[in-house]
Ligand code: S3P
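Take a look at this single chain, the form predicted alone, given in structure tokens.
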């Protein structure tokens, strides 16, 4: 489904974006374990989120649409037909979080399947810890399809070997399903939507951030130094009494979707505002990136609803500067890195991105896909084992872009096309339905 894209003369305006995917997934799947109904406002039409909602129905959740609101009424006990096969489509979040629920549901045997893209993505990262807890897994070399036999699980402590909110959430949901205590420790803090939702709608979960202490320097008592009291940076503990009681989830706008429109403001040197967008601090590293490359960032009307902060964000672009990105900075920008790379193409200087090998196992190999498409525009771009080197340029050319079945690649290079010399094409624009079916309508609304 090829789409022709033309450069524009002006960019600007005020928009709202669909509800946050990460929060929507968790609301749908936590309803399986809830003790009371969940009322969900602003649930997005994204295809990924609809897979989680469909999975909740398979496990006995009654889903009722009341206007723009969903009411999810959980079963007394999660159940599904014998040897059920549950399709997770393209959604890694659905597969990994649902795996945790099944793993902790003694007596359930479920096979999780997915499309061709999801079947290539690694599942060993959840199989290993959930197997240590006592669940049984049968998978082809750590990939979908994956058969899970739920068990009565053992209390568990786990230190994440890589930053992953999905792995952390799978362990927490397994513990909740089996009423056993779990402790997860993180060296690099990941998204905390699951923790916030459990704390808002239920009980039995505590999270603490490990902060450095100021202590005397043993080499010079006149001086002080910072010292970490623990070897990890964050600890999440779910007690054996951890549960979801029910309540209301009001989903803010998806920050990762808003990032594409913030980037359009940055490149065009114009102003775009996104209203009621999620401002969870584990998600907003992109705003700091915009500041550091030269943009003006303004937030207003910040409030917290159901544990999740939101507000209005206005970005005004400027001549963009290159930047070197690595370590925790990259972890905080992982979903936004394709559009970060596009902005780098319009920046002054050379941008270097390292420690981003996780992008190789997303819906596509995003490092390869970004490099391929930047080169089509005429950008000098080097592909590294764990990142990219991008030399900014001017008067870049329209191109025939390939999206490799990846919604974020399609969205990133659709934004790029607005500022190129001459027309461009996207080889399959339909993939944006995974996260934002109305993406091109929103793009048209901010461009002239």
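The shown structure was predicted, so the numbers you read here are calculated from the model rather than taken from an experiment. Numbering follows the first chain given and starts at 1.
Absent from the display: the form predicted in complex with the named molecule. The rest refers to it.
This chain is displayed alone, yet in the model of the complex one of 297, 371, 352, 163 has a heavy atom within 4.5 Å of the named molecule; that residue is 163.
Proximity to the named molecule in the model of the complex, defined as a heavy atom within 4.5 Å, holds among 93, 364, 268, 273 only for 93. With the named molecule left out of view, the stretch that reaches within 4.5 Å of it through heavy atoms in the model of the complex is, among 129-137, 164-172, 201-209, 104-112, 164-172. For the chain shown alone, residue 310 is not a contact residue for the named molecule in the model of the complex, no non-hydrogen atom being within 4.5 angstroms. A residue is said to contact a partner when one of its heavy atoms sits within 4.5 Å of a partner heavy atom; residue 335 meets this definition for the named molecule in the model of the complex.
Though the partner is left out of this view, residue 185 does not reach within 4.5 Å of the named molecule in the model of the complex, counting heavy atoms only. Within this chain, residue 196 is remote from the site of the named molecule in the model of the complex, having no heavy atom within 4.5 Å.
Contact here is defined as any heavy atom lying within 4.5 Å of the named molecule in the model of the complex, and by that definition not a single one of 3, 424 and 429 is a contact residue. Of all the residues from 244-275, none has a non-hydrogen atom no more than 4.5 Å from the named molecule in the model of the complex.
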